[in-house]
Structure formats: structure tokens, C-alpha cells
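For reference, the chain that follows is the form predicted on its own, supplied as C-alpha cells.
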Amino acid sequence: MRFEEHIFHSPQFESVVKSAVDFFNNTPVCAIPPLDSFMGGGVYALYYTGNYKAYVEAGVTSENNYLNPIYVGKAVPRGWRTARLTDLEAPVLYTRLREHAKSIELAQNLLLKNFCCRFMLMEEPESDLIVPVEAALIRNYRPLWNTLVDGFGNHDPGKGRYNQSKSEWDVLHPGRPWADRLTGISPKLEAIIEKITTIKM
């Protein structure tokens, strides 16, 4: 079998994704969560401008240029994966940013005022590009909370599932009440910090 006959290449696809990333990088930076609610899904990035020592040493702080996100994520409308879109007019991306803002506010060693975000709304048919654009942004920038420190986007696992371990993010930034109820063996703070400061982003 000639497997090369099964490999699909599309320069046009690469060009479209690059165009979307370029558009994203030129969207305005704003507070998290944005002051005004809005509808729809898409892609977003968070930027950190504070002085948390490990992040400063790793070079992941971003001021003025906002080209070095600490986290990249997506928000898709309900039913998107099964092509049964049911809430195109729901504020799914805005809601996700509010959830992230709450996590940051709960952290004992982070300040929400030291974060900002940018986002790109993607309606049909462009909503099909949400996943590849998010992936391209993560590949391009390797955001710390996507690549080295896991758990920022986690949610309360719910009653009966608290035998799990704390994520690296919750060890590094304690404060989320549900994370304090987790009883599994958690990663060591010193090891997380060493990983961050040793591997420059």
C-alpha cells in the first residue's frame, strides 16, 4: 500500500488559518472579563502583566506588546461537535472568560488586574476554524498554562470524585475551594517552579 496516496495537503487551508491568526493578533486587548457581554463562540488568549517571580524568570509576562499569552482557549456553541448548533446566540465565549476571571480571583497569589485578554468571534461557517486556530496559536506561542502547567481550565469534578489529585495550576495558585477538597497525591510545588524556570518559553 502506498500511504502517501492517502495524505491530504492544502496550502489554502494553511493560508486561511494564518489569516485568522493574523486577524486575532490584531484584535484589541481588553479587561478580563470584558466590561460588556457578547454572544457567540471563538478563540481567546489571556496575558499576564504581573510580577509573580517564577513567571518573570521564565519570561512569560507580557506588557505593552501582548504577543506572549499565558493561556489560549476556545469556546464553541453547544451542539457544535455534532453539527446540531442550538445556541449560536448564547454568550459562550464571554461566559468562559468570566469563569477564568473567577479562577484567577480565587487564587491567593494572583491579581485579576494583572491579566487582560483578546478574543476573536467566529460565526458560521468560520466557526469550523475554531479548533485549528486555537491549535495554531498554541503551537506558535506555547502558552505556559497550556504546555507546562496543567489544570487552569479544570472544573469542580463533583461529589464522589474528590479522590483526584490537585492540578499543577492549583498547587501553584491555591485558592479554588473545590481543589482543596481533592485528596489525591498532588505534584510538588518546588518541582513545578523548577520546571517553569528551567524551560524558557
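Predicted model, so just to flag it, every value in this text is computed and none were measured. The first residue of the shown sequence is 1; numbering continues from there.
Just so it is clear, the following notes concern the form predicted in complex with a further copy of the same chain, a form of the same protein that is not shown.
Listed stretches are 166 to 174, 29 to 37, 65 to 73, 47 to 55; the contact stretch with a further copy of the same chain in the model of the complex is 29 to 37, by a heavy atom cutoff of 4.5 Å. Taking non-hydrogen atoms only, Ile193 never approaches a further copy of the same chain to within 4.5 angstroms in the model of the complex. Of the heavy atoms in Thr183, none are within 4.5 Å of a further copy of the same chain in the model of the complex.
Although the partner is absent here, Val131 is a contact residue: one of its heavy atoms lies within 4.5 angstroms of a further copy of the same chain in the model of the complex.
Within this chain, Ala20 lines the site of a further copy of the same chain in the model of the complex, having a heavy atom no more than 4.5 Å away. When you look in the model of the complex, the only residue of Leu97, Cys116, Ile104, Met120 with a non-hydrogen atom within 4.5 Å of a further copy of the same chain is Met120.
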